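Below you will find one chain, with nothing else, as structure tokens; this is the form predicted alone, and questions on how it binds or moves follow later.
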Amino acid sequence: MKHTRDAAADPEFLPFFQPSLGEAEIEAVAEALRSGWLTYGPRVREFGRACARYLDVAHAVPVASCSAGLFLALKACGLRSGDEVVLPSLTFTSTLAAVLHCGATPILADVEDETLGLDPEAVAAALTPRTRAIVPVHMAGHPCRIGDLLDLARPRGLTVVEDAAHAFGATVGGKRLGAFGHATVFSFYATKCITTGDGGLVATSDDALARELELLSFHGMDGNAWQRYGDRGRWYYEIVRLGWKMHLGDPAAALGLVQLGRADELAARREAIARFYTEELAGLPGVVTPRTAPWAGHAWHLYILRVDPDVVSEGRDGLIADLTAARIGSSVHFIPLHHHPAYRDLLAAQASRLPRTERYFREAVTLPLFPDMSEAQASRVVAAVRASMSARLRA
């Protein structure tokens, strides 16, 4: 006998995220495939130029991933063994891995409650004569206090490489991230503000740095050696740096070009959903909704709710369990770096100076947020959160 699902008893699973892709994206990728350019080609160059215009920077270098971009940016800025780098523990492993792959020493600093970005005062306390760089993270799409961090860095000659994986299109004082630090690195992974499937971008207004990034991301090859198989190509090339193969490919760039054209549309939809969540959940006992500083333009890559375990039984873990039971996806961004087995021996001694990071980790849960989310789906999330909080509220 054919089984008929009871939609009320077994509702359709609502994913944490799904990309917004249409026929334009599909056709752009198909055209790239038909062109024969499957790796680095003209669309990568076009995508880089288009991103530079959007971000209002001199240069934008497309790369294989944000992880690759962070590593390349730090290498291009001259980071080496013995240098210290200040960064948050509240970030994905890529931020730290880039530092370690350069042979440098990570120094952790605490974050602010409002922005979830590096606290400038904590950074100032972490600086030593060996500090060479600061790697701030624009967490969830909200810019950190980049101006204050640059004020710390400039008189000391420190490099600032921004991890803006979450924050493509975010603004500070009306100006898009990309041209504040020495380099700003974005992610175009499937869940990000715009996507190329995988991929990333390094933005900079430093001509020499951009040239070094292009060299390092393409084997250290000189000139336009990528064109050597085209009708205007040349067979001769020279390796002028020890580089890596970390560039983007044309099919991914073709997808990115369409997504870039939709960036403001996608951002507006994410913002509308975030606003709905905040309006519906504000004032709920035991819950703190995310805020946006008056000087910031939030990219709303993530909507992170904080649940007070002293007010709500089992805190955020209980909410996640209830969302799972209601067939609603959720996540936690992020498990702090010093909690991971691979990094405990390296970072454990620094954990004591991260009280706000620790408190955040105990409380944080990320709700579903994606551009194609319907009003009914967003309302379903709100209802599930309200039901969970009501059932778990401590007497």
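On a predicted model such as this, the values are computed, not experimentally measured, just so you know. In case it trips you up, residue 1 is the first one in the sequence shown, and so on.
Form predicted in complex with a small molecule: not shown, discussed below.
Although the small molecule is omitted here, in the predicted bound form all of Ser67, Lys192 and Gly199 have a heavy atom within 4.5 Å of it.
The stretch among 316-324, 79-87, 162-170, 247-255 whose residues place heavy atoms within 4.5 Å of the small molecule in the predicted bound form is 162-170. The small molecule in the predicted bound form is approached by Phe92, whose closest heavy atom lies within 4.5 angstroms of it.
By the criterion of a heavy atom within 4.5 Å, Thr204 is excluded from the residues contacting the small molecule in the predicted bound form.
Mapping the unseen interface onto this chain, Ser187 counts among the residues with a heavy atom inside 4.5 Å of the small molecule in the predicted bound form.
None of the heavy atoms of Leu177 is located within 4.5 Å of the small molecule in the predicted bound form. Interface residue among Leu72, Val99, Val137, Ala133 relative to the small molecule in the predicted bound form, by the heavy atom within 4.5 Å criterion: Val137.
When the small molecule is considered in the predicted bound form, only one residue from Tyr54, Trp37, Tyr343, Phe334 comes within 4.5 Å through any heavy atom, namely Phe334.
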